[in-house]
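This document opens with one chain alone, in structure tokens, the form predicted alone.
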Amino acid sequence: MKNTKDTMKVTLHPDWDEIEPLRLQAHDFFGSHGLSGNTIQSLVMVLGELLENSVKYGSYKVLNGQINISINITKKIITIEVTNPIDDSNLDDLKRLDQMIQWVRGYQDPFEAYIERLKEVAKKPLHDKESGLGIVRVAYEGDVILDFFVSEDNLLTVSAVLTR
């Protein structure tokens, strides 16, 4: 872990049990910057959702495959970045991620996208586990702009940016 006053950097193993302690640590970090309770809860939710997606969809076949988290707070912008390794088996997941982020951006208000996605999920059969609701929920409830990029060394970084 490398922290400065305005930046928190943490490396985790892709283990579900490591998510909650990091949420608590992030909660304290956000609180130390005087953010409101609602903003803190929203940002912790955003971080948790991005971490859960990272554990669920990352490719950790490489020895010591890890998740890198970076949270940066400036006067006007809060950025959360979650980075994990991927491989060719993730191409369909990346395509869905890209489509979902672009779809959400197509709405002027993420709330509209959230309602539309809820309607779509309600029509799906119960055995269908992929709702696609997480990314839409992050954009709406977290009030963040989402983006992602893949580096040349096959690291996926998903970012969530809150403008204050």
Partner chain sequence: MDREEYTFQALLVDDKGKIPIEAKYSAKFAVQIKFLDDQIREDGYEFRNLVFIIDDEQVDLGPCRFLTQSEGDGHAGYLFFVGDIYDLDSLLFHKKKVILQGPFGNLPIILEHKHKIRQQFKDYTASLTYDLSVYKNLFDSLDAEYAFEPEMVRKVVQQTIIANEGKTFFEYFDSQLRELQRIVADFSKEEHERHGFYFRKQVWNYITLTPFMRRTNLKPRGYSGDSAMMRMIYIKEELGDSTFSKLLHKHCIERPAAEAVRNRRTLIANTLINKLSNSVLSPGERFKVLSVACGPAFEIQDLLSNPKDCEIYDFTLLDQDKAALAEAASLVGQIELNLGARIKVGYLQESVRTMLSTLRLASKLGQFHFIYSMGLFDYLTPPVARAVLWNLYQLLQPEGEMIVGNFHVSNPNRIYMEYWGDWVLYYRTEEEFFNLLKSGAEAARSTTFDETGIQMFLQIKRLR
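Residue numbers count along the first chain shown, from 1. No experiment lies behind these values; they were computed from the predicted model shown.
What comes next is about the form predicted in complex with the partner chain, which is not displayed.
Segments offered: 26-34, 53-61, 39-47, 108-116. Contacting the partner chain in the model of the complex at heavy atom distances within 4.5 Å is 108-116. Mapping the unseen interface onto this chain, Trp16 falls outside it, with no heavy atom inside 4.5 Å of the partner chain in the model of the complex. A residue is said to contact a partner when one of its heavy atoms sits within 4.5 Å of a partner heavy atom; Asp147 meets this definition for the partner chain in the model of the complex. Put simply, Thr7 is far from the partner chain in the model of the complex: not one heavy atom of it is within 4.5 Å. Looking at Ser151, you'd find a heavy atom of it within 4.5 angstroms of the partner chain in the model of the complex.
Using a 4.5 Å cut-off on any heavy atom, the residues of 90-108 that reach the partner chain in the model of the complex are, in sequence order, Leu91, Leu94, Asp98, Gln102, Trp103, Arg105, Gly106, Tyr107, Gln108.
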